[in-house]
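Given next, in structure tokens, is a single chain: the form predicted on its own.
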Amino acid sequence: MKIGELSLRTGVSIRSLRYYEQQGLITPVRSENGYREYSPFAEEQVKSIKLYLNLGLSTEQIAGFLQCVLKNKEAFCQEVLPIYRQKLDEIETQIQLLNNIKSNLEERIQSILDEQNTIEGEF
């Protein structure tokens, strides 16, 4: 199938498919006229890539285990669990940072409201 058809079947833009190719995630065959020809299996590959991108993984991380998970279950791919754990740690760190920012903003808002109430009470 050509890149346009793969794009339609997967909902992934042609630009993204070309990027996946540059990253080594999918590999088309070039026909004599230079068009990319994808195997029917490419649709499954792209859907898997989308799944892992939606988990917040980078294309570099995905490239490290994609071929394994396309042939086996995730549980049989030793590369997957460490990457998942690393990503979860990153998310936990981001959540802590965001909670700190939230607390700081709440304190600032309360401080401003307290100051406004004090000024209003003086009049």
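Keep in mind that this is a model prediction, so the values were computed, not measured. Throughout, we count residues from 1 along the sequence that is shown.
Only in words, not in the display: the form predicted together with a further copy of the same chain, which the text now covers.
Checklist entry - Looking at the partner-bound form in the predicted bound form, is L70 within 4.5 Å of a further copy of the same chain by any heavy atom? => result Flag for L70 set to no.
Next on the checklist: Using a 4.5 angstroms cut-off on non-hydrogen atoms, would A63 count as touching a further copy of the same chain in the predicted bound form?
Outcome noted: Answer no; every heavy atom of A63 is more than 4.5 Å from a further copy of the same chain in the predicted bound form.
Item to check | Contact label in the predicted bound form: Y84 to a further copy of the same chain, heavy atom within 4.5 Å | outcome: Answer yes; at least one heavy atom of Y84 falls within 4.5 Å of a further copy of the same chain in the predicted bound form.
Item to check | Close approach of N54 to a further copy of the same chain in the predicted bound form, 4.5 Å, heavy atom | outcome: Close contact exists here: in the predicted bound form, N54 approaches a further copy of the same chain to within 4.5 Å, heavy atoms only.
Checklist entry - Are all three of L105, I112 and I119 close to a further copy of the same chain in the predicted bound form, meaning a heavy atom of each within 4.5 Å? => result Affirmative, all three are within 4.5 Å.
Checklist entry - What residues, if any, in 74 to 104 have a non-hydrogen atom within 4.5 angstroms of a further copy of the same chain in the predicted bound form? => result Heavy-atom contacts to a further copy of the same chain in the predicted bound form: E74, A75, F76, V80, L81, Y84, R85, K87, L88, I91, E92, Q94, I95, L98, N99, I101, K102, N104.
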